[in-house]
Every structure is written in C-alpha cells, then in structure tokens.
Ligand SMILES: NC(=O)c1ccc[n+]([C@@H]2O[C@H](COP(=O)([O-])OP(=O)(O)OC[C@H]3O[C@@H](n4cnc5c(N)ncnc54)[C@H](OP(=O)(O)O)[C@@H]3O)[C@@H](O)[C@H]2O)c1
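The chain below stands alone, shown as structure tokens; this is the form predicted alone.
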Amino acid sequence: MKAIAAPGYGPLDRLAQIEVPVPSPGPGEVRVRVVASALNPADYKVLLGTMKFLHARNRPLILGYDFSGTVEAVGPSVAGVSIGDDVFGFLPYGPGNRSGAFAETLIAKCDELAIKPAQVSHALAAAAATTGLAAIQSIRDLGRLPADGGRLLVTGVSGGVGSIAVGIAKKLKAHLTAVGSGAGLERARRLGADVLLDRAAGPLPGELQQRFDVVFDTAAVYRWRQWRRTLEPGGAFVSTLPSLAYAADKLWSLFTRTRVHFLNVKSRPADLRLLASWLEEGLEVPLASTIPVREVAQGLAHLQEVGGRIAVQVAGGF
C-alpha cells in the first residue's frame, strides 16, 4: 500500500511516498481503508524530534493520527463494528502507536473508534476527532464544568482545539469567555461566545474581574499562576502541554483550593459518539483548507506558521 513516511527524524522534506506491506489486524483490531485524515502539531513535533514520545520509534515513520474511513478487515474478538462500516477516531498519542493515518490503510483498536454518521463527511469527521475529544475531555472531565453550565474561559480560539471548543462549550451550556484575535475571535462571536477578549489588547489574566470554573488554555501559552486568582474555589486550569512550569504549578496548586491538569487525550468511543451526534446537529469544525495527502509536508510547514485545522484527503490523494 502507499503511505507518506520519513526514514527517520529530521526536516519535513524527508516525507515522501513509499510502498509498505498491507497490515493485518490482530485480536480486537480492525483494518481501516483511510478516506481522510487531518494535520496536527504532533505530526511535525514527532518528525522534528521535539516530542518523540508521541509515536513509536519505528522505521519508516508513518505519521498521521486522525482518521475517517471504512473497515475492510477485522481481527479476532472484534465487537461493535463490521466490515463495510464507516468509522472515525484517532490513533494513540504515545510510544505504543506504530501506525499512521497518512497511508491507504491503518490498524486501529475496535474500542478506540466509532461509527461515522452518514450525513457527516469523512474530512469533517477526521478533522473533528482529536480536537473535539480534547475539548470534551478537558472541559467536562478534567475541568469538571458543572453539568448545568458554568463559567469557562478558552484561550487560542483561532487554533484547532480552541476553535471547536467554542461550539462544544455552548453544547455544554457554558458561559464562555473567548480569548483570541482576528478572524478566530469573530468566529467565536458568531458561534455564541458570551465575552470576547482580544489577546493583544485585552486585560491581562490578573486584571480580569470575572471568576471562572474552568480556564482551558488550548494554546498552552499561559500558566496556572497567572489565572489562579480568577478561578472559583474548586476551579481548574487545564493545559494541552506538559512542561517543567506545569509541574511546578501542579505542585504549588496542591496548597490552594484550585486544580491544575494537562490533557492526555484518549479516543474513547462514548466521547466519539457524543461528538458524532453534535456533528450531525451542525457543530462547526473550522477548516482552513483540505489538501491531498501527497502535500502533507507543505501542509505541516503551513500549520507551523498559522495553526488552525487542515484536513487531508487520503483516498485519491497520492
């Protein structure tokens, strides 16, 4: 089968089309004929060697996490999906993942995907998978936003996670303060954000008068200590990126009435099914563009510069 891969870590221009054997599913696994994928910062961070732990160190290195496609083979002990089903999800962000979505087929666990709604395109499903579950698991689970709504602040609403988090926040009945700039902030307004803060012109975190149940730092540019005085007792600061600063804040927060977390997103079927229902209802997934898989290297270079969400057409894209 065809795949876009690199011989090892290095610059983006090492990515090229290669031929690799078609994989066979093992127990609890399915082989998916990939129709669409999406670009993530994890792709270039793995390839450039800055976050090698997000993928197995196998060669050739086939990247790509998000996928949507059709089940074409199943291994033993598979339940819930059958050959011919359209499914979507994402591969694990961790050293145990030896697969990649920038390929004609991939192997996924049957308990880490869900049925794709017929009314939702493969490109949209793939583009929503990681970002949608990142928002759900950060706001609802780690943040513990009250079930009847609460006060939520989301940074980076122009980015991939931040942009879909706006719509998901409204689904979760949150009173939303959106932090961003330009078109992303205007989109947040259109999608129902209650308060808009321009990150360049707005007040600094410590100057805000509002108090929040959850601060979701999708852009990973702030620290808990900047927001802790705006958090309600029991409130949470959730980041998408672990760091030494995060570790220090996590330790210090233990002596306060607030919490600090970072997200390790998981492809959970129940969350994917919830996301699928929202996509059917019209949840917006802002896409900057859709590119053929042969242009992944150029797409990743562009993603580093502008962020946002870029879908990848795999079927017919080599």
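Residue indices: 1-based, along the sequence shown. The structure displayed is predicted, hence computed values, not measured ones.
The following text describes the form predicted in complex with the ligand, which does not appear among the structures shown.
**Message:** Taking 4.5 angstroms as the heavy atom distance cut-off, pick the stretch from 244-252, 150-158, 78-86, 111-119 that is near the ligand in the predicted complex.
**Reply:** Answer to the contact question: 150-158.
**Message:** Can you pick out, from K45, H261, R31, R268, the residue that has a heavy atom within 4.5 Å of the ligand in the predicted complex?
**Reply:** Selected option: K45.
**Message:** Under a 4.5 angstroms heavy atom criterion, identify the one residue in T105, S99, T177, T130 near the ligand in the predicted complex.
**Reply:** Comparing distances to the ligand in the predicted complex, the residue within 4.5 Å is T130.
**Request:** Using the partner position in the predicted complex, report whether I18 sits within 4.5 Å of the ligand, counting heavy atoms only.
**Result:** No, I18 is distant from the partner.
**Message:** in the predicted complex, is there a heavy atom of the ligand that lies within 4.5 Å of any heavy atom of P41, even though the partner is absent here?
**Reply:** P41: yes, in contact with the ligand in the predicted complex.
**Prompt:** So, in the predicted complex, is Q226 in contact with the ligand at a 4.5 angstroms heavy atom limit?
**Reply:** No.
**Asked** Closest heavy atom of R199 to the ligand in the predicted complex, within 4.5 Å or not?
**Response** Close contact exists here: in the predicted complex, R199 approaches the ligand to within 4.5 Å, heavy atoms only.
**Request:** Any residue of 278-308 with a heavy atom within 4.5 Å of the ligand in the predicted complex counts; write them all down in order.
**Result:** Result: L303, V306, G307, G308.
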